[in-house]
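In the block that follows, a single chain appears as structure tokens, in the form predicted alone.
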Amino acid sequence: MSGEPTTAHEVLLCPDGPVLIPGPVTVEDEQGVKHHSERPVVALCRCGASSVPPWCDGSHKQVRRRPATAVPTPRSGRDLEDY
């Protein structure tokens, strides 16, 4: 990382899926390239199969099959709209 100050955010790790982060956000990749999004929630790829890194494009659904019951649930009854 570039050593710039960062802001703490609450994140949601989806089982066999992306990391959901409230936006707007700037993500610095391994090469030091900064990617910015103004979206209210962004999904960061964790499987490495995305065609639009660092963002998730849903490729994990083809890479890893999970039981249909393994759906992420926000803590304390929160919805993504609460971010």
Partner chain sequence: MRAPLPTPRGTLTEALTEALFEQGVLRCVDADSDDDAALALWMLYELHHRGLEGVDDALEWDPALLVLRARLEHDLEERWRDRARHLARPAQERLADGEDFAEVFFDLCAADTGGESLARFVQREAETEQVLALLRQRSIYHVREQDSAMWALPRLDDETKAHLVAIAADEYGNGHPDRLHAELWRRGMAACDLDTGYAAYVDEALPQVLEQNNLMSMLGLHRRLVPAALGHLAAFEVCSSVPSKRMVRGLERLGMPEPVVAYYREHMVADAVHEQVAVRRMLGGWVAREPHVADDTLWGAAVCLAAEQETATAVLAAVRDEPALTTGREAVA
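Numbering follows the first chain given and starts at 1. The shown structure was predicted, so the numbers you read here are calculated from the model rather than taken from an experiment.
FYI, the form predicted together with the partner chain isn't displayed, but the following is about it.
- Mapping the unseen interface onto this chain, A43 counts among the residues with a heavy atom inside 4.5 Å of the partner chain in the predicted bound form.
- In the predicted bound form, E30 stays away from the partner chain, with no heavy atom inside 4.5 Å.
- At the 4.5 Å threshold, heavy atoms of C14 reach the partner chain in the predicted bound form.
- When contacts are judged by a 4.5 Å heavy atom cut-off, H35 does not count as touching the partner chain in the predicted bound form.
- Scanning 29-58 for heavy atoms within 4.5 Å of the partner chain in the predicted bound form gives E38, R39, P40, V41, V42, A43, S51, V52, W55, C56, D57, G58 in sequence order.
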